[in-house]
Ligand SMILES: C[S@@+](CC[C@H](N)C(=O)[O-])C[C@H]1O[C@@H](n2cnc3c(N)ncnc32)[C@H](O)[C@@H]1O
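Next up is one chain by itself, shown in structure tokens, the form predicted alone.
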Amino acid sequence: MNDPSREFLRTDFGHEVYDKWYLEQGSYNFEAPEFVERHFPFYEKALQLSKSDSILEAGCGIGSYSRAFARRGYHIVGMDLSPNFLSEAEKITQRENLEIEFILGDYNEMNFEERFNVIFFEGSFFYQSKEGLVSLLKRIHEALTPNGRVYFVHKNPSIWQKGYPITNWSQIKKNVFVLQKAAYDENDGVEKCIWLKIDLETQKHYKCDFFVMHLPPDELKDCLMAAGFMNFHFHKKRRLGNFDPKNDNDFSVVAKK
């Protein structure tokens, strides 16, 4: 279809238009219970979890992973910057009769002091500069108790950049389309993304554009150490085993305070 040359209204994570699309169309199988449950044996072993641990899921979205922790008897707090996602998380959690504390907040502004044994990110660990990453990791370090652990998934830029550019058109209902595009800037080492919603019925169109950085593994190690993490391991993505930088697209990071 032709790209209409009309004004686009700004939207972003936490905006009702973008979040409504994600809840209805964009989550794919990532929030599906079978996908979530499949990886819990890895989380428990890699993080050496204990039922006495206090866990924060940062960027929890609609709380799929938080509920999986709660079902296993862990004390879990979910945090997200989207009130729309948290509203949905609370509704589902109440239906399942689970007790989870959900808080509205941006993990890049995290201000906790030694509150959590584990801080957990799954598909929600983003940064836009090396300085921003070090700042985030320092906040995480401060929020962890002694011997606390952080977990996140990271892309391997040397492999991922080979798959760009990415373009995906989808029709989500009659006369309503969504365009998702992503390109990799080798000079800056960032993934530049754009999301457009084209509504030919209402003539209201929306745009969300953002970029995220993916540092090479050696530079990521430097940032972890700069933030105070001296004990860390790069696993294969959601699997026990050493990350292979020549062949693995992604890897899971576990760092200990």
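The first residue of the shown sequence is 1; numbering continues from there. Predicted model, so just to flag it, every value in this text is computed and none were measured.
The form predicted together with this ligand exists for this protein as well; it is not shown, and the discussion that follows is about that form.
Contact check for 215, 244 and 248 against this ligand in the model of the complex, heavy atom at 4.5 Å: Answer is no for this spot.
Residue contact check: residue 56 to this ligand in the model of the complex, 4.5 Å heavy atom: So residue 56 does not count as contacting this ligand.
Even though this ligand is not shown here, does residue 73 get within 4.5 Å of it in the model of the complex, heavy atoms only? Although this ligand is absent here, residue 73 would stay clear of it in the model of the complex, with no heavy atoms inside 4.5 Å.
Given that the partner is absent here, does residue 117 sit within 4.5 Å of this ligand in the model of the complex, heavy atoms only? No, residue 117 stays farther than 4.5 Å from this ligand in the model of the complex.
Any chance residue 132 has a heavy atom within 4.5 Å of this ligand in the model of the complex? Flag for residue 132 set to no.
With this ligand left out here, work out from 181 to 189, 75 to 83, 147 to 155, 94 to 102 which stretch has heavy atoms within 4.5 Å of it in the model of the complex. It is 75 to 83 that comes within 4.5 Å of the partner.
Going through 120 to 136, which residues have a heavy atom within 4.5 Å of this ligand in the model of the complex? Please give them in sequence order. Residues within 4.5 Å: 122, 123, 124, 126.
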